[in-house]
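Here you get one chain, nothing else, as structure tokens; it is the form predicted on its own.
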């Protein structure tokens, strides 16, 4: 006849109370729930991984004495650790550690209870070697060649902090989001490379969601789920790129949820990238989204003019090439898509200069760009841009070209100059000539003013974005 687990645990508590002060008793033993007794094994449920580890580290002698006195000298304790408390729709999820209270956990039996998941039982780990494991990182990505600007400063600072103390800071998980080609992959791989260099005993793994999903499906089809999960649970830094593509993949989200929980509660670092903020992700389980928000969420935006300039100079210097300032400025204003496109333009420019045995100058840059960026067309006129901007802001064309310095006229004038630099091949001096004979320094000031206002005034930025769409529509419609 089996002894009632509640009775056994109450007897244990009486013995524990004699050896532990009241505060620690209330903190560490009252929350424990007895689950079952099977022979000389008592299974208890604890509310978290941290709770379990604290008991194992500080109270093993007390627990052993209590369980041996109550159930006999050969008795032992097993834990069921809650990794998700669940909700109305999802039952709690727990991980079982069958060798508690001083027994080695190397032969741990892991069970994912709830939501219809299989039990994985029993298994042994195949330890990964940090020196030989393929981290799937590109060694060319580093903090040194990641150009910092207003567009990415928070994300980079968080990345540096994580690289110094992975799993220790409050930035766990670290979620970086932004559009295509803004540097997310570069930054997360820079974190991974830095950790591998400074903490060589850490196991670092970079994987994009497509590879993660394919590995999971392969493991599912070949009945190798335990090996799949064991592999990921040994990782000290897990970087999952493009997490937004897990949307709607229920089974993949389920396994990632369990891996996420166990890594996080073991103090391992998790980094993810997405094309949008967690609040805007669709097709995800709520409990998974809530975990994405546990640490720090930081965005990377399209780089401003100064950051683009720095990126251009950094890229060209790394290739041992000097680029004239006027060429760098022309490219920074003309390539308004993303950094990946900018890199393609620079590579093409270097290729043409090498092939044609020519110096890189403004003429060559314009020729190369004309074949790459469709928006840069020689027959897009200043008049066309001035008229479009004037209609949007409802000001007369002559006022835009005139001398008046009222704010309601100056801002549209500066915006028109900004678009002239983006959508024509005119020099700064020639643009100035088309605005009442102004010099190139006035045009530079106008460009910088527009960039600054876009950073600080959301309404103004929306206006520029709307105008950009109008101009692109008209430009594409005119050819």
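Numbering follows the first chain given and starts at 1. The structure presented is a predicted model; accordingly, all values stated were derived computationally and were not measured.
Another form, the form predicted in complex with a small molecule, is not on view; read the next lines as being about it.
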So in the predicted complex, are 141, 152 and 184 all sitting within 4.5 Å of the small molecule, heavy atoms only?
yes
Check whether residue 255 has any heavy atom within 4.5 Å of a heavy atom of the small molecule in the predicted complex, and answer yes or no.
no
According to a 4.5 angstroms non-hydrogen atom cut-off, is residue 180 in contact with the small molecule in the predicted complex?
yes
Residue 292, heavy atom within 4.5 angstroms of the small molecule in the predicted complex:
no
Heavy atoms within 4.5 Å of the small molecule in the predicted complex: does residue 216 have any?
no
Which of 146, 284, 333, 231 has a heavy atom within 4.5 Å of the small molecule in the predicted complex?
146
The one residue among 313, 340, 136, 164 placing a heavy atom within 4.5 Å of the small molecule in the predicted complex is 340
Exactly one stretch in 220 to 228, 207 to 215, 185 to 193, 400 to 408 has heavy atoms within 4.5 Å of the small molecule in the predicted complex; which is it?
185 to 193
